[in-house]
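What follows is a pair of forms of the same protein chain, given separately as structure tokens and numbered structure 1 and structure 2.
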Structure 1
Amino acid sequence: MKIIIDTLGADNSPHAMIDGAILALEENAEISVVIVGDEEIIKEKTAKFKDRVEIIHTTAAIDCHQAPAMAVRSGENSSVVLGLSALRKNEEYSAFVSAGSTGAVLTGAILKVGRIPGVLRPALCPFLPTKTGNQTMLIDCGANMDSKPENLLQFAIMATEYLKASGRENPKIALLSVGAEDEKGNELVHEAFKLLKQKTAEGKINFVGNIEARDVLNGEIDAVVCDGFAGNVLLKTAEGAMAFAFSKIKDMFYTNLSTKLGWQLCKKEVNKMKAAIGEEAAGGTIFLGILKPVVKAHGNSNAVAFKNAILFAAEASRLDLKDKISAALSAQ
């Protein structure tokens, strides 16, 4: 299994990306990597794994300030375009991972790799930690700011196929709204609700109704469907709330000598919890609906977070989603 690694365009490029690739190689003996970036730096850092490392040399990157479509079309030598083009052309390459510009990675994935037959719009799908320990997929969290009801229906179908391939039987799909009652929501939610109910009646998905944002992390559903604008607001709010909570916990433990002593007793478990739900643990997010797995890591990923994104991409490539999603969409 060969995973293509984009080492440019991120906050901590290229070293965190290369170090993450090394950590992935150490942890999983079944994978090898194709690293896109400065050949001199890559060779020096990966000499120990030279038999499991291929290099595509470039020093050209697309940054987040460039218009994605124009940058992809004009940046044939950029790391994103070179990596995604190689993914499409070479059957040996299984997946692509980047911490670079989200817009460039999405645009490049559509233009250079292509969509799964039947997919109208790919979706960005992070997994969120929950109270029960089971992760909940959020689909979409920013790839499509303006969605139509049929897009949300496809998101539900794609999420169902991904989760079933991952071992979840009859996954529960909910629709993000301002209330759990059937009649709540805006026009998009109302129309999507009807489509999702219909497909549930036909046995195509397991739609369990609307869900409020505050209940998404309870662990009672397997996926929450929404447009990219609402999903991105939900994701960023959850990230901010968690950062705020940990900050207040830290402040509380440093109030006086007694609480500082308490911190010494508790810090191992607190840090363990923070690691389990933080950005490092999540690693990467898949663009669901692309012919081969394209995974977006956080822009400020460190080596551990990027390593987890690579391992996530390797796991996603084993699911053989292309045929499953295409068949499910053609049957709708």
Structure 2
Amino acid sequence: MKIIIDTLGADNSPHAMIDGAILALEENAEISVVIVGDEEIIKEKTAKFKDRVEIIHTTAAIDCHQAPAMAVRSGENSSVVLGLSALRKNEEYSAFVSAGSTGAVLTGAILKVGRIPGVLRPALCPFLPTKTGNQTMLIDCGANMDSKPENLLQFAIMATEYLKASGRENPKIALLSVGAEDEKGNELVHEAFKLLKQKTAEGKINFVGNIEARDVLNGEIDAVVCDGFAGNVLLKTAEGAMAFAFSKIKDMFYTNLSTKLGWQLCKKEVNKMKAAIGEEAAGGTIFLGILKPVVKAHGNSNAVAFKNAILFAAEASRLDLKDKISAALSAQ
């Protein structure tokens, strides 16, 4: 299986990306990689794996401050566009991973790779860590502003297919709202609620009702469906609030001699816990609804996080999502 890897445009480009690719090659013998970036650097770093590495040379990165649509249209030589075009054209290539500009990756995926037949709007779907350890998919976290009820219905269907393919039985889908009661929410939620109920009555999905944002991290559902604006607010607030809580904990450990000693006794486990949450959250985010898996890694990924995103993309490409999603949507 050949995974295309974009090495440009991220905070730690290109070295962390190339190192991540090497780690992925070491960890999974079934993977080959197509590395997009500066040939000279890539060749030197990956010499050991030269049988499993192809290179697409470019030094043109898309900056995350450029307007995505324009950047993609005018950036024919950029790593994002070259990588995504190769994904579309070459049957051998299975997936694409980038830690570069989210906007450019999303726009490029739609324009250069294309949507799965029947998909109105692809959606960006991170997995959230939860209290029970059962990761919850958030769909959509910001690819789409101003979604329509039928978009949310499609998100629920795509999430169901993805989760079933990854081994979850009868995945529980909830709709993000301002309370768990059926009548809570805005117009979009009211309309989407009806569509989701109906699709559940037809046995196509397992919609369990509205969920309040407070309960999303409890781990009781498999996916939460929402408009990209609300999903982005949820994802970013969770990040900000966790950072806030941990900064308070850090301050607490510095309060007095007793707590400072406490820190010495706990620091190993605190750091382990924070790393575990960070890693869970940074596994890579799939842009669901594109013909082949396109995976976005965090812009500040280090080599290990990027390796995880590559392995996640390899996993996703085994799920046969194109046919499953297309069939589920055409049966709508």
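For numbering, take structure 1's sequence and count from 1. If you superpose the two forms and keep the largest set of C-alpha atoms that fall within 1.5 Å, you have the rigid core. As the structure is a prediction and not an experimental result, all values here were calculated from the model.
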Practice item. With both forms of the chain shown on their own, indicate which is the form predicted in complex with another copy of the chain. Key: 2
Exercise for review: For residue 43, decide whether the Cα shift between structure 1 and structure 2 is 2 Å or greater, given a superposition on the rigid core.
Suggested key: no
Review point. Core-aligned, is the CA shift for residue 60 between structure 1 and structure 2 2 angstroms or more?
Key: no
Review point. Honestly, after the rigid core fit, is residue 262 moving at least 2 Å at Cα between structure 1 and structure 2?
Key: yes
